[in-house]
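Below you'll find only one chain, the form predicted on its own, shown as structure tokens.
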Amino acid sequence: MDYLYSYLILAEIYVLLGLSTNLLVGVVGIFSVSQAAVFGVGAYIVGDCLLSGTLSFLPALALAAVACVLLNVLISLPSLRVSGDYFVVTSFGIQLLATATFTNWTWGTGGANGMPGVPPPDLFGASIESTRGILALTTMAMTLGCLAFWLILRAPFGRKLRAIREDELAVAAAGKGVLGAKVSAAAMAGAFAGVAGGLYATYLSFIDPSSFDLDASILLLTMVVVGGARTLWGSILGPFLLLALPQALTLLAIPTTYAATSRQLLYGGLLIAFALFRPQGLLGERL
């Protein structure tokens, strides 16, 4: 039962990340490969606050969300002035820079050795140490995140973001602020990623740079592509499905040394296959 709870907790955390990535890649059409870096910033901020005793869990989570909002805005302001392949290259460079910082900043992140011993989350002074309690917490966070995403899509602001994805020049010609809308979307995506990072750090109690590298960003993109871009249900299905696939690989006689490589090959193959044959994903909107 604990194994099932662990799977559900991680899947729900990745749903928040899926919402973050889907908002940028699916709804607005910003092909960013740096969301794992923002996810890592949220995790390290919460880990540092709890280990040092500076803040309790909820204030630390709020701080992580605000910091990730500001980070995504700072990233977006210069990089959103370029488009297409140039933006992909810019976000790729940001992801590599963040990974190098996580790996080498020993004082702040623990460097390559990671950050062990992150305390479990607490609510109003009561520590949540049971797996079932953490599952209730992540379920609440996922539900609120899904509600926020659904409201964004239904609001006039969401329709504006969709219009920007379809024809950015037409939206600008209509007198609508394109850059401001993109920055606002990036800020909301940063809040989702920051909360997910805080939950991730407190659940695993150990974080290291490998959880927030380029492979993690590719995994997030694969979740969105497979589940379905531009829809709430696609953001939910993708994480649950892709986190279950590695467990299916354990049924095959694959040597342990090749397990990680096999997983990356599987994710890469799925990304290519869906991009070629079903770009809208399993539950996404027809393109």
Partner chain sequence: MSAYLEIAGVNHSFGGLQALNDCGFAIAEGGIACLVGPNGAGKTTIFNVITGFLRPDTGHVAFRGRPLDGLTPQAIVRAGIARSFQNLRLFADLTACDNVMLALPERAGETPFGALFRPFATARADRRRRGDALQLLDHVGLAARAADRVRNLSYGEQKLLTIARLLATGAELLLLDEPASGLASGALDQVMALLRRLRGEGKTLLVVEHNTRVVQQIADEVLFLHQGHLLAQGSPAQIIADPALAEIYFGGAL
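Fair warning: this is a prediction, and the values are worked out from it, not measured in the lab. Positions refer to the first chain, counted from 1.
The discussion below concerns the form predicted together with the partner chain, not included here.
query: Is Gly117 one of the residues lying within 4.5 Å of the partner chain in the model of the complex, judged by heavy atom distances?
result: No - in the model of the complex, heavy atoms of Gly117 and the partner chain never come within 4.5 Å of each other.
message: Please determine whether Gly133 contacts the partner chain in the model of the complex, using a 4.5 Å cut-off between heavy atoms.
response: Because no heavy atom of Gly133 falls inside 4.5 Å of the partner chain in the model of the complex, the answer is no.
query: Looking in the model of the complex, any heavy atom of Ala126 within 4.5 Å of the partner chain?
result: Looking in the model of the complex, residue contacts with the partner chain do not include Ala126, since no heavy atom lies within 4.5 Å.
- prompt: Closest heavy atom of Gly177 to the partner chain in the model of the complex, within 4.5 Å or not?
  reply: Yes, contact at 4.5 Å.
field: Which of 146-154, 200-208, 68-76, 105-113 sits within 4.5 Å of the partner chain in the model of the complex, heavy atom basis
entry: Going through the listed ranges, the match is 146-154.
Residue among Val171, Ala216, Ala191, Leu137 with a heavy atom within 4.5 Å of the partner chain in the model of the complex: Comparing distances to the partner chain in the model of the complex, the residue within 4.5 Å is Val171.
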